[in-house]
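To begin, one chain is listed below as structure tokens, in the form predicted alone.
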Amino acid sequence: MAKEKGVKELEDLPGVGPTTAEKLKQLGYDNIEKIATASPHELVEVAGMKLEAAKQAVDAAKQATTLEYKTASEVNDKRMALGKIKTGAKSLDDLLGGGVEANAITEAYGKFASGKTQFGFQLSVNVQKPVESGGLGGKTLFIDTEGTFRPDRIEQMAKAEGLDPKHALEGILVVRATTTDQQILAVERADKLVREENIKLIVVDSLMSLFRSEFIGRGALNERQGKLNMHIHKLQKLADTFDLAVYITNQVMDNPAILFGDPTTPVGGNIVAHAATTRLYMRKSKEDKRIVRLVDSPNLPEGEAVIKITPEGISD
């Protein structure tokens, strides 16, 4: 059957050649599972396939797809073994249940100068430490969409952590994305890079900046959210596949519908809200202090931590 023939990529499916496979990928059908859950008529409509070929492709994809069932105990054992990146501030580590965890997306949103990017720098340095020292023993892929990456800050933080500054800089691979297409491609093509370079942290700073500037008005909202949804799901897939951590920063807006309390709301809507495993709201306090609020987590209670952002990095 299809599974015995080694169906792993779209091109391996009967009735799907390289050209059709590329068209399907561009339309979001980028893996065997998505073909398995599609209807033949759906593939005929979106990709122009012949009905018989579409039926063969869907049947083969179903046979090639397996589901792995685990007990809750096995899931718990895997979760307990997951690595976490220490933040540099014990109060923040405690708030996060030990640090920023792998296999998950951590989102930090807040206004300008709230410390989101600095937090990303600190994680980019700390992830390079060995596991026993609060890191994941790997490198960082830093996707910079706003031109905010500063090597000199990395050097300062590395020195404070007792790391070789030059080595710390070598451990961060930076992509300067100026369009949403570049931002999306940086993640879509990351699989090989993650394997070869031992990437253990992906930072996207910021997630929504380019999407907001390119997709303007309600007419573009559906297209924007569709692209954003695929982008975030690819980030989560990388996190799951390679046991790495994903940290994204997000912009905010004031919601006029909120009459009492803080009207600050993260942008990106429900797609970002549901995709982020842990959501942090960061805001500026007096002098070098920042208040970090845990807004949402599947297993941690809401709470706040007060941190400092100094020339040496993040601390209590």
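Keep in mind that this is a model prediction, so the values were computed, not measured. Numbers follow the displayed sequence, beginning with 1.
The following text describes the form predicted together with a small molecule, which does not appear among the structures shown.
- The chain is drawn here without the small molecule; in the model of the complex, the stretch among 135-143, 195-203, 234-242, 106-114 whose residues come within 4.5 Å of it by any heavy atom is 106-114.
- Not displayed here, the small molecule is kept clear of S315 by more than 4.5 Å at the level of heavy atoms in the model of the complex.
- None of the heavy atoms of G6 is located within 4.5 Å of the small molecule in the model of the complex.
- The closest non-hydrogen atom of S91 lies beyond 4.5 Å of the small molecule in the model of the complex.
- Proximity of T180 to the small molecule in the model of the complex: non-hydrogen atoms within 4.5 Å are absent; the residue sits far from the partner.
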